[in-house]
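Here you get one chain, nothing else, as structure tokens; it is the form predicted alone.
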Amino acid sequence: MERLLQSVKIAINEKIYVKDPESSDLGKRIIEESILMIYDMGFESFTFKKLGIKIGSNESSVYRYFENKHKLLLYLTSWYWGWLEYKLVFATNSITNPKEKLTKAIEIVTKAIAQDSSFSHINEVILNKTIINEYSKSYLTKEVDAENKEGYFVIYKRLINRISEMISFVDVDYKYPSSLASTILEGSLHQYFLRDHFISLTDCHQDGEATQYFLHLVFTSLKG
């Protein structure tokens, strides 16, 4: 799977960026450093001016790639969900048993993230932590409906639909496959957030426990 991923380019909605950051070394540095900086200082404190200083370039050079930092966050979250989708597709493609396929999918989207050498300029471990802390800020805005119409969240929605379909294959009569699928994806982020910040509000304290929780939640809800 890793060799196949090395040839993959995760396609992001072109409306999110001004210039594709994957098209140049500077663009890749912008992505690489922005992930680390947003994780370190938080999205609110992050600015293009600080990013420019970090990469040794003018602030204006960052604006040649992204209109604003909200669009940059949308790019990072879209890339993350696209990367997770590719891992899910490759890991489940050869599985024919519906329960085994869904189990593997849940494991992929809920387990602790490991570094992926296929994308050298992106630290997926730190990006995952950034998504846990900052993802909700990409859509909890007044512009969310307009941005949704522009297709900014299409990868995220597509990933949920994939899991929803797998749920229906296990139990065709289950009435809430999309709700359960979105609960798995959003809920896993929330469980990791609680583990890091509100430890008394979760029982998933060790690596792997969030996955076990969601496997239990799903398969006690389904009849298949």
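Bear in mind the structure is a predicted one, so any value in this text is a computation, not a measurement. Each residue number is its position in the shown sequence, starting from 1.
Heads up, the form predicted together with the DNA isn't pictured, but that's what we're talking about next.
Colleague: Contact between Ser57 and the DNA in the predicted complex at 4.5 Å, heavy atoms?
Modeller: Within the cut-off, so yes.
Colleague: Would Leu26 show up as a contact with the DNA in the predicted complex if we use heavy atoms at 4.5 Å?
Modeller: Contact with the DNA, yes.
Colleague: Can any non-hydrogen atom of Lys50 be found within 4.5 angstroms of the DNA in the predicted complex?
Modeller: Within the cut-off, so yes.
Colleague: Quick one: does Ser61 come within 4.5 Å of the DNA in the predicted complex, counting heavy atoms only?
Modeller: Judged by the heavy-atom cut-off of 4.5 Å, Ser61 is in contact with the DNA in the predicted complex.
Colleague: Report the residue, out of Glu67, Asp173, Asp40, Asp196, that has at least one non-hydrogen atom within 4.5 angstroms of the DNA in the predicted complex.
Modeller: In short, Glu67.
Colleague: Given the stretches 41 to 49, 187 to 195, 152 to 160, 165 to 173, which is the single one in contact with the DNA in the predicted complex, using a heavy atom cutoff of 4.5 Å?
Modeller: That would be 41 to 49.
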